[in-house]
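In the block that follows, a single chain appears as structure tokens, in the form predicted on its own.
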């Protein structure tokens, strides 16, 4: 089973991800991992920490001559802003964080909780996802995450495929698919900064080239949509997940929700096996399994909880009213969240792919994939 764990604190020496079950025989492209790490640090509205850190991945285990060995791969991202031993305890919990809840749960320090609950931890989740995308790339499966809405303002994406969308995202400072809207979105972020406030938004991920049958209907905890939802909701500040139409499906009659099925014999050699849909309201998943269409996942990110104009709180020692503590933070990290969500979704898809086609070696996976496609065409 492909899986991973992370370790490390926001201001500790390093962050680690241990990826178990990564197949042997894949030449690892660290440049592509570093690219996603840079993208995670970017986007308009980020704070001072991103000027200190220059995230790069180091492969500590599981690779020989730059090729995966089939043993656990350990990814390291070092914190240049290492200062944990010098930091003081917070006395005033910040609304929206885990400060108060964690201090009560563990009968101890706010600092102990915030250092691990910090979104800095997502750096190695991105690294793990970027590594997993290298499995998917062997099968021409492509992924992209982008900003669809920011601060309540819809961004009208331009048409195109994933390759064209990547070009648009590169041109946008907010990682949208419409760089022409950047000035108005940046103005929103600037206004929030002037007011000591923060902004959230909606992220969207598309994954194309998926075959039929990743995931299963057979048990609730193995349905791919459920596993994706868990992975996305586990990202800091994410408060909602949709697949395909999501909540909009509840507002429409069935005739405007479910995707008709057609067949095109000229496309029988593609991942869709020739089964085409004029719409993709299901977002590529039915009954917990991929259906040959593109996967579409949306996530709602709340505004950053740390405010320069702090909200009302208390002093935990005196229990007297006070304002919340302030730690250096961003005004808007919605752009970064698009990269994070892209990578955590990609990892779950890679997990399901390995379950379907095995994960001992990439050569065996390809042989099993080809066999399944041949057999499915004869279905």
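Residue numbers count along the first chain shown, from 1. Everything quoted here is computed from the prediction, not taken from an experiment.
A second form of this protein, the form predicted in complex with a further copy of the same chain, is not displayed here; the remarks below concern that form.
Between a further copy of the same chain and the residues 123, 177, 113, 130, the one pair within 4.5 Å by heavy atoms in the predicted bound form involves 113. Contact with a further copy of the same chain in the predicted bound form, defined as a heavy atom within 4.5 Å, is made by none of 47, 56 and 135.
Stretch-level contact analysis of 235-243, 165-173, 179-187, 138-146 against a further copy of the same chain in the predicted bound form, using heavy atoms and a 4.5 Å limit, identifies 235-243. A residue is said to contact a partner when one of its heavy atoms sits within 4.5 Å of a partner heavy atom; residue 89 meets this definition for a further copy of the same chain in the predicted bound form. In the predicted bound form, residue 200 approaches a further copy of the same chain with a heavy atom inside 4.5 Å. Mapping the unseen interface onto this chain, residue 74 counts among the residues with a heavy atom inside 4.5 Å of a further copy of the same chain in the predicted bound form. Put simply, residue 209 is far from a further copy of the same chain in the predicted bound form: not one heavy atom of it is within 4.5 Å. Residues 298, 299, 300, 301, 302, 303, 304, 305, 307 of 295-309 are found to place at least one heavy atom within 4.5 Å of a further copy of the same chain in the predicted bound form.
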